[in-house]
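Below, in structure tokens: the form predicted alone, a single chain.
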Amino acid sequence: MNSLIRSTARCLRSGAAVYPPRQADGRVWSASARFLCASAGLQKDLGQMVKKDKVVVFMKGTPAQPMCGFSNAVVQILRMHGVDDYAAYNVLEDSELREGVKTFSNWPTIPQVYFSGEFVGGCDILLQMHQNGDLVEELKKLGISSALLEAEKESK
């Protein structure tokens, strides 16, 4: 039990904000310390993943083949703005990634969109930004010129 407590404390000091998994009767699974350590490592990895590219999307499926309507909507919105160069991670391939990104962002749903390491939101937020013009401004901050803005300039 001492090693479990030491392992858990070490993982929590490293920044993990994950509670140990419990059985139905409230007992902690014996692998909880390993789970916490793996979660701490995943949270650190996620922090690096979202900063690696200007635009990062955690989605169900891939941009070429989205596996849910919300992920498809995010891909289509980005495509309309001419954003084709972004990192996309398929959370259906890795359940630990799927749950880890929800913990990392404190956002319960997928897809999740990040701009320069900052959490933007999910499909609904990106759609709202697209509709009210904020997405054009946010992309501009990233050094990305929206294709919609360019098309509007050409039509005038």
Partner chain sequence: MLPTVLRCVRPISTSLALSRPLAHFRPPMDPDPSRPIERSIRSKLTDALDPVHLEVHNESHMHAVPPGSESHFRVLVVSSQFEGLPLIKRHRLVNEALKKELSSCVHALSIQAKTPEQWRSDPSLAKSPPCMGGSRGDHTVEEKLKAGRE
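Positions refer to the first chain, counted from 1. Bear in mind that the values here come from a model prediction, so they are computed numbers and not experimental data.
The following text describes the form predicted together with its partner chain, which does not appear among the structures shown.
With a 4.5 Å cutoff on heavy atoms, Gly100 does not count as touching its partner chain in the predicted bound form; it lies far away. Residue contact check for Gln48: none of its heavy atoms lie within 4.5 Å of its partner chain in the predicted bound form. Using a 4.5 angstroms threshold between heavy atoms, Gly121 counts as touching its partner chain in the predicted bound form. None of the heavy atoms of Val83 is located within 4.5 Å of its partner chain in the predicted bound form.
In sequence order, Pro66, Met67, Cys68, Gly69, Phe70, Asn72, Ala73, Gln76, Ile77, Met80 are the residues of 65-86 having a heavy atom within 4.5 Å of its partner chain in the predicted bound form; the partner itself is omitted from this view.
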